[in-house]
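Next up: a single chain in structure tokens, the form predicted on its own.
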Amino acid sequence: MARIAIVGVGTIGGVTAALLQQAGGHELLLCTRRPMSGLAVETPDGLVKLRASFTTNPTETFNVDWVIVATKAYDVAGTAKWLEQLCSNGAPVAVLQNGVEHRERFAPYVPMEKILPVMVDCPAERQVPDRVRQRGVMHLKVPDSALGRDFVKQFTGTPADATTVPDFLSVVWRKLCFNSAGVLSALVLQPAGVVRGEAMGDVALQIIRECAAVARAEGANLEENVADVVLAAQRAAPADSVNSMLADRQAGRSVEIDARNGVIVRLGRRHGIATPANSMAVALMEAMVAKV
């Protein structure tokens, strides 16, 4: 088994750690911003209490076999402080973040061939600082490469749906179609059920269609009716579910607006594709979270 460091032990990092513990044999090092003495994850199969080493000091880490990054997309500079020591023996870095620019964010700090982008999808929420609730299966999709296959192997024997995929570009853009409409919950400070209304549903469709148009220009293969499929799935989700952007805004933290909607605007501009719904969402969110 492997020595694995997880940088960022929030909702996704906590669930990932619980899964790796279930694999058995891994030595886990959990790198956190604030001191933690323990963490429990309420999984669909029961409560998992983590047995791991915790540290808040990048200089007190050791080299590992894998680094898993589960921080927010806006916190790359803070994350990078951990990588020099953790990757001193050339450990690869798996990036479990939102958006489609995983490699681009970490290229200044890690050799490109050592960066593994990961599409992660898991319904989960952090209830209190030392407890996470996992509502369903964690899906982890990675490019079909030697690095991707080794990453998937670390989850052998766990309930995770960890697989390699031949067309990662399409997978990650399809996930962004889901994430892009999540900005509406964060803007109005209401959980997922808000898109069940006709007016909000129409706006969600506009946001998703713009995302899909940019995705296709980037080379992704998405079905023609992807926006309708995504909205139907969002409306079928638990009405009280809270996405990470809404949770961050409720907690007064920074939000991943650039990784989730800003990238659609930026790449749309590059391809000459109009993105008025996403542009408005970005402008509104940036104004709402701006420090006065």
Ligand SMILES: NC(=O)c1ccc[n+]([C@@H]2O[C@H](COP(=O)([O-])OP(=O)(O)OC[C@H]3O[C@@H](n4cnc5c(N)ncnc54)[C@H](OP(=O)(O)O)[C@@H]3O)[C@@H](O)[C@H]2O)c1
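We number the residues from 1 along the sequence you see. The structure presented is a predicted model; accordingly, all values stated were derived computationally and were not measured.
Beyond the structure shown, there is the form predicted in complex with the named molecule, which is absent from this document and is the topic of what follows.
Undergrad: So in the predicted complex, are Thr43, Trp66 and Gln154 all sitting within 4.5 Å of the named molecule, heavy atoms only?
TA: Judged in the predicted complex, none of Thr43, Trp66 and Gln154 sits within 4.5 Å of the named molecule.
Undergrad: Where does the named molecule sit in the predicted complex: which of 155 to 163, 96 to 104, 218 to 226, 187 to 195, heavy atoms within 4.5 Å?
TA: Going by heavy atoms within 4.5 Å, the stretch is 96 to 104.
Undergrad: Identify which of Val230, Val263, Ala70, Val255 has a heavy atom within 4.5 Å of the named molecule in the predicted complex; exactly one of them does.
TA: Answer to the contact question: Ala70.
Undergrad: Using a 4.5 Å heavy atom cut-off, which residue among Glu84, Asp202, Asp121, Asp167 comes into contact with the named molecule in the predicted complex?
TA: Of the candidates Glu84, Asp202, Asp121, Asp167, Asp121 is the one lying within 4.5 Å of the named molecule in the predicted complex.
Undergrad: Evaluate Val7 for contact with the named molecule in the predicted complex, applying a 4.5 angstroms cut-off between non-hydrogen atoms, and reply yes or no.
TA: Contact with the named molecule, yes.
Undergrad: With heavy atoms only and a cut-off of 4.5 Å, decide whether Thr61 touches the named molecule in the predicted complex.
TA: No, Thr61 sits far enough from the named molecule in the predicted complex that none of its heavy atoms falls within 4.5 Å.
Undergrad: Test of understanding: in the predicted complex, would Thr11 fall inside 4.5 Å of the named molecule by heavy atoms?
TA: Yes, Thr11 is a contact residue.
Undergrad: Find out whether any non-hydrogen atom of Thr79 is located within 4.5 angstroms of the named molecule in the predicted complex, and reply yes or no.
TA: Thr79 belongs to the contact set for the named molecule.
Undergrad: Within 29 to 50, which residues have a heavy atom closer than or equal to 4.5 Å from the named molecule in the predicted complex?
TA: Residues within 4.5 Å: Cys31, Thr32, Arg33, Arg34.
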